[in-house]
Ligand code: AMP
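Just the one chain here, the form predicted alone, laid out as structure tokens.
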């Protein structure tokens, strides 16, 4: 069984619709795919509507922006209750923070002589529910300023870059509590690949487990073999779930093909069992076999 538990649609910063993403996952030979758009559940219904006909099981999830000890950390929430008011309210705050900084970043680019307008960004983003730096990166590509998203981030949009503007993100421990309160399963995404390795050592993972963390995304393209080995040992010692995934964004992220990294069936079962034990009304759509 081939399982990919971290993908994005154009509802956030991917390039495919949720339905097209599900069909692409089935065509790629996946048996299970998780839709985990940034800070929103807005793509869930569309993905659910096509999953069974596509012949693939769907895990509904979210990738949530948080902060821990001053560093940005992404948290994957699997099978939470989308109707949970507290979780949705906090997701709304995060999305508002994303939206609030976009005009400021466009203004900084214009100060640099780059014609980055809100109208041009809207054409590039295509009406995404969650607009952010990847869409500004796509605008820079369209304007011919950079060759791809990676160059846009490196040259302009990463923290400390000339167009970077900070934004609101929830405290990680608080967000783990919110995910658990929504009867979802909390897994840290690519912990040693995005600048958070300095704060996410074994002691920190121990603290986060006490706060309700369920797992670690170990097998990710941002982790080299040494990092994967270290994270797997930590997960084993702390009895945390181990996941792997592509972090697929369609054409928005080169090399992250669907199914390039996968999760073992037994680890997915641990996620499903934990959500069920918490009483989550959100289940896997379709047959997992």
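On a predicted model such as this, the values are computed, not experimentally measured, just so you know. Numbering follows the first chain given and starts at 1.
Beyond what is shown, the protein has a form predicted together with the named molecule; the following relates to that form.
A.B. asks: Would residue 250 show up as a contact with the named molecule in the predicted complex if we use heavy atoms at 4.5 Å?
C.D. replies: Residue 250: no contact with the named molecule in the predicted complex.
A.B. asks: Check whether residue 101 has any heavy atom within 4.5 Å of a heavy atom of the named molecule in the predicted complex, and answer yes or no.
C.D. replies: Although the named molecule is absent here, residue 101 would touch it in the predicted complex, with heavy atoms inside 4.5 Å.
A.B. asks: Classify residue 205 as contacting or not contacting the named molecule in the predicted complex by the rule of any non-hydrogen atom within 4.5 angstroms, answering yes or no.
C.D. replies: No, residue 205 is distant from the partner.
A.B. asks: Taking 4.5 angstroms as the cut-off for heavy atoms, does residue 215 touch the named molecule in the predicted complex?
C.D. replies: No, residue 215 is distant from the partner.
A.B. asks: Since the chain is shown here on its own, which stretch among 130 to 138, 79 to 87, 171 to 179, 107 to 115 would lie within 4.5 Å of the named molecule in the predicted complex, judged by heavy atoms?
C.D. replies: Stretch with heavy atoms near the partner: 130 to 138.
A.B. asks: I need to confirm a contact call. Of 201, 96, 123, 150, which residue comes within 4.5 Å of the named molecule in the predicted complex, counting heavy atoms only?
C.D. replies: Spelling it out, the residue with a heavy atom inside the cut-off is 150.
A.B. asks: Would you give me the residues of 7 to 21 that have any heavy atom within 4.5 Å of the named molecule in the predicted complex, in order from first to last?
C.D. replies: Contacts from 7 to 21: just 13.
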